[in-house]
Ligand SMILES: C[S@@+](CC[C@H](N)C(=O)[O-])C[C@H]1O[C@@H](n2cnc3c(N)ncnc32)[C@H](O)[C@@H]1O
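Quick setup: one chain, the form predicted on its own, written in structure tokens, and binding and motion questions come after.
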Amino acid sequence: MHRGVRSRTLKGLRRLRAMWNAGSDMEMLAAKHRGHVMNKWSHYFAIYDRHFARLRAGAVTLVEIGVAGGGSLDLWRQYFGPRAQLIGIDTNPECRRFEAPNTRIFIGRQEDVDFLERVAAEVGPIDILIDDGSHRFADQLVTFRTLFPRIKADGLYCCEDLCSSYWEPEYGGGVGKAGTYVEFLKGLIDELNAWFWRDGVDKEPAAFARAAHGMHFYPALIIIEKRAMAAPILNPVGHTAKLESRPAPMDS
């Protein structure tokens, strides 16, 4: 069999296998995708479907940093429908060719705070932010600090390819290496639990605890669910419970 024919046959078989094994709408759409080029780890699609499904009924605003071949914009459009406002950010001016009704492309660098602020001001509150940009730690951090506050109170922050935090020499990463984005995210786990810090510990990081409902770690992916949070309530239940309900000990 000619090598080109064999390659197409194998790709077709893999696509059929993916469709057969699809357990969610997004997995099925990804398996059937034949549009522009898209490069994402295959396990992302089931995860995204799990977190994105509740937002499908509305006219969502999704911002993706890293347009590349444009294929993921095709997927989001199929998944969320024509009312979704899709915003792509990339450094390559050629990515403007992916603009379409309700799909806009901004050209700029994700480490440029002023640029990100201008985009956010123009597109309005964000439902879903996906960072699939440079995968450099400093850029990821700038993007998080700048745009996380611009995500709606019930929105989602996603950062892909956290594997870069472990890769040396391409990104200067390493397991447990200080300064990587994964190490920063580990610190956010403490901030998420700031309600339970004891007296004498600086309470300033509690801003994140008041804005984040949960952090979901997956291989090479983090999803943070935003929600306006109040101090957790300890509420014993059952007829033998004698403790009074009380909030977690934390200064306001």
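In case it trips you up, residue 1 is the first one in the sequence shown, and so on. For clarity, every value in this text was computed on a predicted model and none was experimentally measured.
Not pictured, yet referred to below: the form predicted in complex with the ligand.
> Would you mind picking the one in E99, D139, D154, E117 that has a heavy atom within 4.5 Å of the ligand in the model of the complex?
Looking at the other structure, the residue within range turns out to be D139.
> I need to confirm a contact call. Of V37, A57, I189, A207, which residue comes within 4.5 Å of the ligand in the model of the complex, counting heavy atoms only?
Exactly one listed residue reaches within 4.5 Å, namely V37.
> So, G133 and the ligand: in the model of the complex, are they within 4.5 Å at any heavy atom pair?
Heavy-atom contact with the ligand at 4.5 Å: present for G133.
> Would R104 count as a contact of the ligand in the model of the complex, using a 4.5 angstroms cut-off between non-hydrogen atoms?
Although the ligand is absent here, R104 would stay clear of it in the model of the complex, with no heavy atoms inside 4.5 Å.
> Is V67 near the ligand? Define near as a heavy atom within 4.5 Å, in the model of the complex.
Because a heavy atom of V67 falls inside 4.5 Å of the ligand in the model of the complex, the answer is yes.
> Hey, in the model of the complex, does G108 get a heavy atom within 4.5 angstroms of the ligand?
Residue-level check for G108: yes, a contact with the ligand.
> Counting only non-hydrogen atoms, choose the one of 78-86, 108-116, 175-183, 121-129 that falls within 4.5 Å of the ligand in the model of the complex.
Only one stretch passes the 4.5 Å heavy-atom test: 108-116.
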